[in-house]
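The form predicted on its own is given below as one chain in structure tokens.
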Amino acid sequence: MNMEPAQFILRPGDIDALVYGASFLGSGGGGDPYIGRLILKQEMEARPALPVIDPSAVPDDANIIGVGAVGAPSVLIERLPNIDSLMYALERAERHSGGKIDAIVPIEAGGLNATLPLAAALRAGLPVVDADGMGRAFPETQMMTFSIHGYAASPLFLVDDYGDCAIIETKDNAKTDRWIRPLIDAMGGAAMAAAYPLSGAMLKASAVRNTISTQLGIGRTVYAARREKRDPVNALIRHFRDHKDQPRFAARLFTGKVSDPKISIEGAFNIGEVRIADMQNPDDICKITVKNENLIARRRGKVLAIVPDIITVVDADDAEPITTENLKFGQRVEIIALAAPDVLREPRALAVLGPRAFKLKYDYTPLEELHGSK
């Protein structure tokens, strides 16, 4: 199928900005961005140009597939993602569909899983769509706009490091996620996947748009602020609030030192709580609840931000995002929050990926309302 001309071409010089933006949008999850950067740079040494397609330009009858890694982010630090296994998952999805895959779409916008689909697209010689299924990172397969619009995650192809493949087909995306968890454990805690086969029309009806462009804009803003010796956090907040096409509320929530990170692997997830103490008053603590991603930030019993809004912990010196598995005692950090895309705030979305879906005892309150700005 002839795709429309690329919206833009992603080149090696874009990688650092892209990876920064992906890590920021990951809300602490999505996998280690450092690993994703290395993988993407390696693939771009052989193929230094990746066409990125505007979702509105994708033909209605195009065959689109999502790819990425699944499992506990901590495991993916110890066992590097296997690109050969990811390509085999893509091959099996194409073989199962009986038609050629025309483009790849990232399944989420955060961390490692924002870069693996680009690496797969480069190796396969396919374009990537400037969109994804989350606009951030979430821990479960059904927590995607594709699913919220009624599209099936299956057939889902799960491939381990040895090239062995499990094919999951269910009528319910939440069941798909439940079924893959013991398989991921049996595969060593992480695996490569191809999922959510979509037509171009389905993609346009359901995707979070412009996520690759958004990642690039975030990264370029921070790098410019660093070069010009400006506060990168303030620069980011202005960037989000003043964006001409997609303004979004952002806020600096808390500054302190990591005092008690308690994250463990449970059922192929990183689960736990991180406490960050004010450096002048150690009794003033911000608590962040984690399930792969940062779900809720609370201070003195008050909610500062809550899922699906994005909560990101960054290094206090250079605003580099820190994923949940990389938070360590003594790190000086800042907590930043960003309003989720509007599509994630709709009632039908909140039923799937809002606070109650994570068994939190709070209802969703938009970030701008929590901080007095309507």
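In this text, residue numbers run from 1 along the sequence as written. Computed from a prediction, not measured in an experiment: that's the story for all the values here.
Heads up, the form predicted together with another copy of the chain isn't pictured, but that's what we're talking about next.
Shown alone here, residue 170 lies within 4.5 Å of another copy of the chain in the predicted bound form, counting heavy atoms only. Using a 4.5 Å cutoff between non-hydrogen atoms, residue 186 counts as a contact of another copy of the chain in the predicted bound form. Using a 4.5 angstroms limit between non-hydrogen atoms, residue 88 touches another copy of the chain in the predicted bound form. Looking at residue 299, you'd find every heavy atom of it more than 4.5 angstroms from another copy of the chain in the predicted bound form. The candidate stretches are 289 to 297, 174 to 182, 207 to 215, 126 to 134, and the one lying within 4.5 Å of another copy of the chain in the predicted bound form by heavy atoms is 174 to 182. Taking a 4.5 Å heavy atom cutoff to another copy of the chain in the predicted bound form, the contact residue among 239, 92, 252, 257 is 92. A heavy atom within 4.5 Å of another copy of the chain in the predicted bound form is found for one listed residue only; from 148, 83, 265, 166, this is 166.
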